[in-house]
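A single chain comes next, written as structure tokens; it is the form predicted on its own.
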């Protein structure tokens, strides 16, 4: 019988630090604000939190461009605040995993500042990927060439994302040792694990630089600039270090939807979990697709992560639910009763809506700004460039959490449904670690049964016009639309 780990038994809550809670009144979220809201998270029923980057950073990409890996950005607090956050969360029974970006550093990181000054053979020159001429057609994931000329170095450096996010050279042993020491620093402070940002993008194979990425219908495909030979070995070294500390969780962002590409990153001596974007990045609500995906994940032997929103995408209340509360309640029921590790994104339980962007001046996210600049350089109008940028911007979900909306929830509110679902999940082992029986999906309806600990719980969800049509008995939770029609039912069977 499988022995489940602590992280397979809890619900995680993603905290986007700069917009979660302002603890000192300066208008920016911070670690003090997280400490203040831990009682709310405990009452909600979450057992783990994921903190997005809080390290010193110029914030070209909202903290994913780190300039100091062993400190806290003064806007967010101090190391003593982090220590207090950990101590308080642990006392409440809440684990804390932290975002770690090992693919790239800020261009203001001391390593890069030294690297650009040095000639070949200098200690830091090989920390990054330098070329005298642009060696290939690779593009940044934020638009434009992935190669940037540096006047001081007189060479081009590689960046998979923004020009201010310089990719580390993971074929350099000194870089690997530096990164392992960084992980150990936070593990020694008591962090419960890491969410590893874009971990399959590590550059481990310099010979790949001589390969052109294929072009399909005028669009460059990302083939040789990710999942390079050597990445799995790098993950093994990370895993060995992290798992030498007891009960640590290693979660990877592997930018793929194909489960065959996810498999090599998970397992003994590797990552404990990776994010499954097959469900997380759905563009429209599709019950049949959801059913198909859980069947595929079962067949592949994957214990999945489950999420519909994050800091990198439009909120699912807008994207999938079209701002209809009953649909949001059904998706909450799926997230918290399906097999896997749920990740809630701050505010989805209220629900918070997407930020409204009215013009280019509202674009804060670098991916959106790059898109706007690209189209303007191509001679497009402001309106055309802004429309292009809207498709790429990640500003939608990054607005400040509206704490004025967090009151004692009414019985039919979305927050009450989340609380009730978390209560059910936390009190029923079958909903946390049980197996599936009887998965069925047709049209806009989805049914599955969770079995374990000598109990069977059936979950009936209908996202369309029809109602759930089964006997309402042994009920754990009912979900109705605004007209009182039965759309969701969770019951003993």
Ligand code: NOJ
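The model shown is predicted, which means the values in this text are computed figures rather than measured ones. Residue numbers count along the first chain shown, from 1.
Only in words, not in the display: the form predicted together with this ligand, which the text now covers.
Interface residue remark: residue 161 is counted as part of the site for this ligand in the predicted bound form, having a heavy atom within 4.5 Å. In the predicted bound form, at least one heavy atom of residue 64 sits within 4.5 Å of this ligand.
Looking at residue 165, you'd find a heavy atom of it within 4.5 angstroms of this ligand in the predicted bound form. For the chain shown alone, residue 143 is not a contact residue for this ligand in the predicted bound form, no non-hydrogen atom being within 4.5 angstroms. The candidate stretches are 304 to 312, 208 to 216, 111 to 119, 244 to 252, and the one lying within 4.5 Å of this ligand in the predicted bound form by heavy atoms is 304 to 312. Site annotation in the predicted bound form: the residue of 259, 98, 180, 198 reaching within 4.5 Å of this ligand with a heavy atom is 198. Checking 364, 416, 222, 398 against this ligand in the predicted bound form, a heavy atom within 4.5 Å turns up for just one residue: 398. Contacts to this ligand in the predicted bound form (heavy atom within 4.5 Å) from stretch 380 to 396: 394 only.
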